[in-house]
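Here you get one chain, nothing else, as structure tokens; it is the form predicted alone.
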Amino acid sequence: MVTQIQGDMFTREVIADPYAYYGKLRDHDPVHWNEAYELWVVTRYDDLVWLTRHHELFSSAVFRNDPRGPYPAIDESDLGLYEYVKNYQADQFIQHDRPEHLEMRRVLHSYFTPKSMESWRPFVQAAVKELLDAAEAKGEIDVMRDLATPLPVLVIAQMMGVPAEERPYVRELAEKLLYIGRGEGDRMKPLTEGMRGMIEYVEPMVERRLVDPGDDFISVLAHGEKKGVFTRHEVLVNASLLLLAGHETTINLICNGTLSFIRNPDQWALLKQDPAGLAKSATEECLRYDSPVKSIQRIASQDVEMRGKTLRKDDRVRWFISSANRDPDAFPHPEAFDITRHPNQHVAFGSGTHHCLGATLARVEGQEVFKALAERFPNLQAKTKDLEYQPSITFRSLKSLPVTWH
């Protein structure tokens, strides 16, 4: 049992290095009750997989079913905004359980099939080349600002049918939506601004697609409304969810993966020997080693026994992907970044019924970026060691990553 573990998961130390904090829990108290947030923290690989595959025991409808306030606490004057946030989040398809989740996901899966996502590879390759051409002309780039952010935004905006000139605004709204996983006391204000802004932006697009559908995923959602699977509010909320999830995780994959290569020059040297041949396994190791998503939350549907603890009905449960992906019981030498690792059954995209819809697309984008970087910038190096992460419990997000190759 861990006796001396502080409960604040938003400290600078935990945000900068979640692996030490959650690794300590994984080793000594893998099903840990966090008193500060009234929350079970689950950190072992086998437990995470078991949780994901017993969706009947752990509800995804967290915002619908959790009577408690947000954690960390918010300004009392913003409790009305939190009600808006709860109603917004509750209509996301990932916040539903079966059978509703299965019906909603089936509508969306028709668009996000692996074969369909793979067909975007030529578009991704062209976009990567264009972005790296611009970087080469400048002689240096911030990977976050100049590559990791514009690439997936470009792809997901194309999938939505967002005009090029409106993409910066959509990213601006998305950045406000990311406050959902942060700890500031006043985080509800930017969060609700992002939510309201996204709904206002998407609604006219939905109206047009209902009359004149295209081959974008807004049209798929609009068709779901016509079939009675989605309400209008669910269409709007899920459009913004797919927009955010469709690029934010890939941004983190590209940034975190690039940094992993810079900090492990032996693996960078290995990738440079065969960029095309190693791109797939390298991307999988980037996903495992420094996962884009840190944690996911559920709520217990009934009393459940886990490792001698009783998780009571309606208790909050949060599993930590970043810890599970470095579990020594699941991965030999888990602290080593090894792009030839095989097998590599990481859980960066979750597991079970809620496995990430956009996993194939994220893989395609990661593979093409790492391959292109190795081919074009063999001497890639960071310009600074002072790197900061966004204070999020959900995402592992660098604020910036300036690099050079001279």
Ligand code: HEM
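Here the structure is a predicted model, which is why all the values come from computation and not from measurement. All residue numbers are counted from 1 along the displayed sequence.
The form predicted together with the ligand exists for this protein as well; it is not shown, and the discussion that follows is about that form.
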In the predicted complex, do Ile94, Thr353 and Leu357 all put a heavy atom within 4.5 Å of the ligand?
-> yes
Candidate stretches 134 to 142, 186 to 194, 242 to 250, 224 to 232 - the one whose heavy atoms come within 4.5 Å of the ligand in the predicted complex = 242 to 250
Of Val364, Ala348, Val41, Leu51, which one comes within 4.5 Å of the ligand in the predicted complex, counting heavy atoms only?
-> Ala348
Only one of Ile296, Val128, Ile262, Leu81 comes within 4.5 Å of the ligand in the predicted complex by heavy atoms, so just point that one out.
-> Ile296
Would you please decide whether Tyr71 lies within 4.5 angstroms of the ligand in the predicted complex, comparing each non-hydrogen atom pair?
-> no
Trp319, heavy atom within 4.5 angstroms of the ligand in the predicted complex = yes
Heavy atoms within 4.5 Å of the ligand in the predicted complex: does Pro292 have any?
-> yes
Examine Phe112 and determine whether its closest non-hydrogen atom to the ligand in the predicted complex is within 4.5 angstroms.
-> yes
Using the arrangement in the predicted complex, list in sequence order the residues of 96 to 115 with any heavy atom within 4.5 angstroms of the ligand.
-> His101, Arg105, Phe112
